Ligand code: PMV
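Okay, here we've got a single chain as C-alpha cells, the form predicted on its own, with questions on binding and movement later.
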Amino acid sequence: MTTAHAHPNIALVKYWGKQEKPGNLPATPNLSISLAGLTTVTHVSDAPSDTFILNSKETSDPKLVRWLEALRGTFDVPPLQIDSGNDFPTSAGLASSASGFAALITAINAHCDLGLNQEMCSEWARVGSASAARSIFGGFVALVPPQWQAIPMAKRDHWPLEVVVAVTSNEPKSVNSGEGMERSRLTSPYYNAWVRDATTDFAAASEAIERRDFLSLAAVAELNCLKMHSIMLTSQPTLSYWTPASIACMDRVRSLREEGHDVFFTVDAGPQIKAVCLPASADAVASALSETPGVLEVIRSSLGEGARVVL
C-alpha cells in the first residue's frame, strides 16, 4: 500500500470556464495558495478490480473512471483499491477535487513506479481537475498558458499568510463546478468580459505577491472573486452558491478591514468563506467569523506544502 497527502488550494485569481479543446484546460490564467490546515489522505493498493472508497464509503465516480482510463492509455496501471478521505467538507467549495487528484496521482506514481516528476504529475492531476495541477506544488502556484502547466511562483515562507475558513454548510453543492462553468460560458452575458480581464487581474496579483503588497493583493483578489460570482449569478438558470452566513461573513471581513485589520475574503464555487490575512490579524479574524451567525466551524490554516508520499 502507498499513502500520499495533498492539500486543497484556494485561487486568489480564479478561473471559471474551460477551453473547448481536450486536456481540461482553464479559459483564463489563475493563481492560488495551498492550505496546510486541510488535508486529503489517499491510500492506493493492488486489488482484483478497481474499488473507490471516499470518506470510508465505497462509491462510484465517473470522472475518476475516465481519468484512470486515460492514465492506463499511457501507463501499465493494474486494478487498484483507492481509499481517500478528507478532513474537511467534500464537494462543498473547499477544493476537495484538487487535493484528491493531486494525492491520487502522487500515490499511483509511487505505487506503480510510473517515474513521473512533479511537472508530469501536475499535468496528470490537471486532467482530473484543473485546479489539482496547482496542489502538486506548495505555496503560491500559477496555472498559465500556453502549455497550461502549474508553475510555482513562490515558496510558502516567501510570505507567511494565514487563512481562516468559515464553514457555513457541510452539504455537497447542488451544481458541480464543471456543470456550472459550462452553464456560465454558454449563458452569462458577462462571460467574455470575464475572460478578457483575467490577464490583467493575474498580472496585478502576481506583482503584489512578489512585492508582498497586501493591500494590492486584497484589492485584486476580492474583486476577482466577486466578478466570478457575478458570472454565476447572471447564468441561466442562475447559480448561487452562497448561504446567508456567507454574505454575513463577507460583510464581517469588510468591517474588520475598516477597523484596521489586514484581511480580505475570497469564495470559490461553494458557500465557504476564506479570509486571507496577515498573521497579526488572524486571531481577530478567527474570533469574529466564529461569532458570525450561521458559521458552523472555523478552520485556521497556514500555507501548505505540495503533494507527497508519506508511506
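Heads up: residue numbers just count along the shown sequence, starting at 1. Fair warning: this is a prediction, and the values are worked out from it, not measured in the lab.
We do not show the form predicted in complex with this ligand, though everything after this point is about it.
In the predicted bound form, Ala269 approaches this ligand with a heavy atom inside 4.5 Å. Mapping the unseen interface onto this chain, Ser188 falls outside it, with no heavy atom inside 4.5 Å of this ligand in the predicted bound form.
Mapping the unseen interface onto this chain, Gln81 falls outside it, with no heavy atom inside 4.5 Å of this ligand in the predicted bound form.
In the predicted bound form, Thr106 stays away from this ligand, with no heavy atom inside 4.5 Å.
Contact with this ligand, judged by heavy atoms within 4.5 Å in the predicted bound form, is confined among 177-185, 207-215, 162-170, 68-76 to 177-185. Remark: all three candidate residues (Lys14, Arg134 and Met228) come within 4.5 Å of this ligand in the predicted bound form, counting heavy atoms only.
Of the candidates Ala221, Leu239, Ala130, Ala198, Ala130 is the one whose heavy atoms come within 4.5 Å of this ligand in the predicted bound form; the others do not.
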